[in-house]
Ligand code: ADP
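One chain is shown next in structure tokens, namely the form predicted alone.
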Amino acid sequence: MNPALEAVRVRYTYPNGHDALREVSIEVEAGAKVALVGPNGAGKSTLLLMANGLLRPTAGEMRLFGEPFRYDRRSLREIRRRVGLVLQNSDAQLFAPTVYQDVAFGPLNLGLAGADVRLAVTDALAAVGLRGFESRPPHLLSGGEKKAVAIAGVLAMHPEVLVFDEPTSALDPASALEVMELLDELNASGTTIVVSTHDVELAYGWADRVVLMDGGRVLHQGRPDEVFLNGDLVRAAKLRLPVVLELHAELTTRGLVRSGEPPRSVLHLIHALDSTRPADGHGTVLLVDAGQVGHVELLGLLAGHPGIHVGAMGTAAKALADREGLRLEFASGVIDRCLLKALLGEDSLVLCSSPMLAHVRDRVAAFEARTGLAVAVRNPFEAD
């Protein structure tokens, strides 16, 4: 199968003579989560604008599912439907008097009829957790809500690929985590995601593949551990190693953990520390589809598991928790936090939007494969 998005020996020179991209070649596989990482001026934003057809290469070629970009009006319209771009500054993307009008702009320009536009807007706002925001003025929203509206405006056109320029820029930590979880949810539904960032922690923990850039060139690309373990290249790009890698290296030097596969997260680092002592029994992760559980069932489940740790993943799950008045102990980083509790022998309950169910099981299975541990994940409403 052809990659979802390709840049083939792409060059771009701005009118002032600045060479922003120099012989850049990358491939983005369908369904992947890719992070373009580098300092300011690396060429990341220019490449993303090219991915949406807003800029045309000076030389080289952009391809979408194997087909070269064409730059006539009709072809560009189709590219921008299939490749949605979310800008770094949400205020630059929001211009209409109401949220509804902003999100409806794309579908209207695609020529959809009134009923189809309303459905597209409703579905897009539900996907980002902003159902009921239709009549609100965008300029009165919080930074995280503005970002969600900008994403909804792109989702309303049903893109196959989403590209984000600095998705967490100017957001507080809680809002930033919510945005990245939303990207995980969209990816779990089959959307290919590309982000640009200079945040090495975000790129290392989130992406399947990292493209390290500086000075308009690709320095290295591959799995996050392959890229970030090359300290010389990371420093050449004026970045630093992710903290979890630095800490792991220091603990290994001191003999506090065994040398081995580098940790991708705090969870993996804690397991490396725990592996030096005998393990007790592990806790269980109870996984519940938020769209399939009723009020009485949920209350009964909580009553039968007093003190259980409770988390929610996805917009539908968080909406359910809000309606039920549940105090969420885990609202971000849910899978890793549940696994950390499991290492202590404690159980967790995760309310999950339907697209995220398989994602949770896959992440736990990957942890089991990496560590050799067995952590039970089960639906408490199904017979064992």
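Numbers follow the displayed sequence, beginning with 1. Nothing here was measured: the structure is a model prediction, and the numbers come from that model.
There is another form of the same protein, the form predicted in complex with this ligand; it is not shown, and what comes next is about it.
Only one of R370, H18, R11, R361 lies close to this ligand in the predicted complex, with a heavy atom inside 4.5 Å, and it is H18. Site annotation in the predicted complex: the residue of G31, P68, G345, P39 reaching within 4.5 Å of this ligand with a heavy atom is P39. S45 belongs to the set of residues with a heavy atom inside 4.5 Å of this ligand in the predicted complex. Residues of just one listed stretch (314-322, 60-68, 45-53, 349-357) have heavy atoms within 4.5 Å of this ligand in the predicted complex: 45-53.
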